[in-house]
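Starting off, we have a lone chain in the form predicted alone, written out as structure tokens.
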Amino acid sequence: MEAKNKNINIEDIKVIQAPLAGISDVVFRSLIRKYNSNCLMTTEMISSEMLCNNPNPRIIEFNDFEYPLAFQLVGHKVDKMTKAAQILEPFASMIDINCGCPVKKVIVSGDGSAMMKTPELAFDIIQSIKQATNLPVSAKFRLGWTKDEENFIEFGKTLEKAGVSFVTLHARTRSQMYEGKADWKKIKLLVDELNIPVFANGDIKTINDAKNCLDLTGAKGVSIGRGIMGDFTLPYRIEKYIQDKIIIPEPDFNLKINMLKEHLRLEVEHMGEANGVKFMRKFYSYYISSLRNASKYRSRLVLMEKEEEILEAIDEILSIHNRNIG
């Protein structure tokens, strides 16, 4: 099966939905599209080894209305990464190479942000994929391995020479993981050095964050990940600001609760009740973060195992909220 309307116009991209392992599944991406975003969607990180061993894995599930849709590959073997890209070619708008994941189980084999230690290997992978497919290729990476080993400019130049269409820079080092503050000033340094578009990533959770980051860096656009959790309208609202300077208010608590209920329903339909309910536990704190005593309510929700029970508790939370502001 080949995807419909998978062509991509990179010039039109202002916002990228950043891949989030264990988060940005087909339901997550579909809900972003429901709220009118034209952002570039990205799948969860896909292991090239796994894909070559099982050319039809569940993780590449998609809907036609998700496009444009990038498929993100992780790996360090030229032959495996190339074969995986060929398997994905009928479905993908483009291939994104993960050179930024800092998680230990990924970097231990030389994948993810460990690729920044072997820029020549990243070069070979990108060139091989471009020669073997007709897909555009992008890459996401970090500032470097540690603060003393920041090589993002040299790494970016290497990828540019290899032929990537754009890069995304997460403005933290691997050693920082997701701690500390993203250093947007470093993104500007990369923008000034490259002739291809650079997208900014890290700590972009509001329209104001996007505005400040773009003003400072001059980046082509932004890549947002965790900011979307609990607010599927964020990509669209940022796009409207970038394109038209229109500021659309963030959703109120009632709309966030409706998003939560729909998200739960769709994940249960997708995974079955037991797995869907378990999967959703990581999202509750994002949806109800503005609520007084949010941690108390989250603690209750994560112990529940039935969809109906959770929906009743959510309605109770909404009722308490509306009484408090009434």
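Start at 1 with the first residue shown and count on from there. Source: prediction; values computed, not measured.
The next section is about a form of this same protein that is not shown, the form predicted in complex with a small molecule.
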property	result
Among 252-260, 80-88, 195-203, 120-128, the region lying within 4.5 Å of the small molecule in the model of the complex by heavy atom distance	195-203
Residue among 10, 302, 311, 23 with a heavy atom within 4.5 Å of the small molecule in the model of the complex	23
Proximity to the small molecule in the model of the complex, single hit among 173, 98, 138, 217 (heavy atom within 4.5 Å)	98
Interface membership of residue 116, the small molecule in the model of the complex, 4.5 Å heavy atom rule	no
Contact label in the model of the complex: residue 224 to the small molecule, heavy atom within 4.5 Å	yes
The small molecule contact at residue 18 in the model of the complex, heavy atom, 4.5 Å	yes
4.5 angstroms heavy atom contact with the small molecule in the model of the complex for residue 44	yes
